[in-house]
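Okay, so we've got a single protein chain in two different forms coming up as structure tokens, structure 1 first and structure 2 after it.
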Structure 1
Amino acid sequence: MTDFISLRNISKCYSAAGRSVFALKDLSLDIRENEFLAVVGRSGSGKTTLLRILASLEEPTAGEMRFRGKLCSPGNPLPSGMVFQDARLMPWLSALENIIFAFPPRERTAELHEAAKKMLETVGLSGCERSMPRELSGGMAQRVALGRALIKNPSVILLDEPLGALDYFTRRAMQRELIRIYLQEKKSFIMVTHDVGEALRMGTRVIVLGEGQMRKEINVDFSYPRPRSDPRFQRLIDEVLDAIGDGE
């Protein structure tokens, strides 16, 4: 039991075209402080829905979410920062301005400009202050999106397949970058991915979702970087694949 973030008996039912679909079914989950939780599962298993509920973009049909013991509601959302699969930068704002966008104008302080510059450095983009989103590669755009989520100093960073659209090499580099930032920032990261190797390379804990329920939970307690050649690593990959039901 932790009193950081707790989800209790969360269900989410979508109804579309007269049919209702349970994206999450009675899911209970505790999120620990400073953990890197990787969420894997087939497409349609409810991973995005879980993140959207954590970000208060969606209200659960049933169940409750608590942050440090207090019930979360639309008026009292979890302090989170979200990174979407498509970076979702404002195309008319520069990289620096996109990071500043994290604060509505009424919340902007005199120091924000400097802080945003520092944040660009943190995500490895110093010198790109004035670049426009159309000039950024996919990996760079995701770095800006991550900086935009981090600058509000939320308690938890939510990442929905943030590296899904990147090519293999950029993806590997971004995995290392994300781990570096995770170790530096000391926050909880919750990352959805459909790449089992990625989940095990990055997560301190991996959970497997299937049809809106938790199928498996694995604590991964090796230190970074994690070599693929490690036999324990391969065993874990098999375990996760089994839980997903990779039918072989």
Structure 2
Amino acid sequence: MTDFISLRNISKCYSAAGRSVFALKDLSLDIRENEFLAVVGRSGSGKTTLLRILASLEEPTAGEMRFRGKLCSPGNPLPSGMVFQDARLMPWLSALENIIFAFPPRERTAELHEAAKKMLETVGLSGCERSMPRELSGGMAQRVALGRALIKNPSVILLDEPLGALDYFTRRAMQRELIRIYLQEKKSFIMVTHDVGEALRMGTRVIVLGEGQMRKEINVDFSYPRPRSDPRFQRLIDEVLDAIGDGE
């Protein structure tokens, strides 16, 4: 049990071609404060639906979510920031202006601009305040998106395949950056990914979803960095793949 985030008997049902399809089915999950939770599973396993419910972008068909014991609802959402697979930056705004975009104009004070500059430093983009999205690489754009998610100081950062569109070398560099920021910011990170190695390289805990239900929960209890050569790493990859159903 935890008093941070608890999901109890969460189901999400959609209507498709005249029949009911469950994206999540009676899922219960406790999310710990300051953990890096990685969620893996095949396409259609319910990963993104889970993240969208946590972000209050969708409501569950049944079940409840609580944050520090209080029931979450559309009027009382989980205090979270979200990063999507594509950065979704406003192309007519600079990096700094994208960071503060979610704030109403009256709140965009000199203090907020200074905080945004510091946030760009946090995500490794010091000096890029005036850079436009077209001038940024894919990895740099995702750093801006992460800064935008962090600027309001949420309790939880939600990451929906945030590195999926990046090339291999940029992706590895961003994995290291996300781990650095996670350790520095001391927040709960929840990341959906199809990449089992990425999940185990970054997560302090990995859960495997299948057909809308939890199939496996694995605590990753060794420190960063986690090289592939570590036999513990390979054993956990095999364990996750077995839970997904792709252990051969």
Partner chain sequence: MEKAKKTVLKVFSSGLIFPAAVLLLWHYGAAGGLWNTFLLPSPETVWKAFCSALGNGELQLHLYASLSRIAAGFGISALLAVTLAFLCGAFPSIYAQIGGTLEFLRHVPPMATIPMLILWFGIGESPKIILIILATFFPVFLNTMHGIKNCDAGLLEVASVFGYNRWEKCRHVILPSALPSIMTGLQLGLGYSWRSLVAAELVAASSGLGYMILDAEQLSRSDVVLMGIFVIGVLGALLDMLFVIISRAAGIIR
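Counting starts at 1 with the first residue of structure 1 and goes up one by one along its sequence. As the structure is a computational prediction, the values presented were derived from the model and not from experiment. Just so we're on the same page, rigid core means the largest C-alpha set that superposes within 1.5 Å between forms.
Between structures 1 and 2, only structure 2 derives from the form predicted alone. The Cα position of P225 differs by less than 2 Å between structure 1 and structure 2 after fitting on the rigid core.
After superposing the rigid core, the C-alpha of R235 moves by less than 2 Å between structure 1 and structure 2. On core superposition, A17 has its C-alpha offset by 4.2 angstrom between structure 1 and structure 2.
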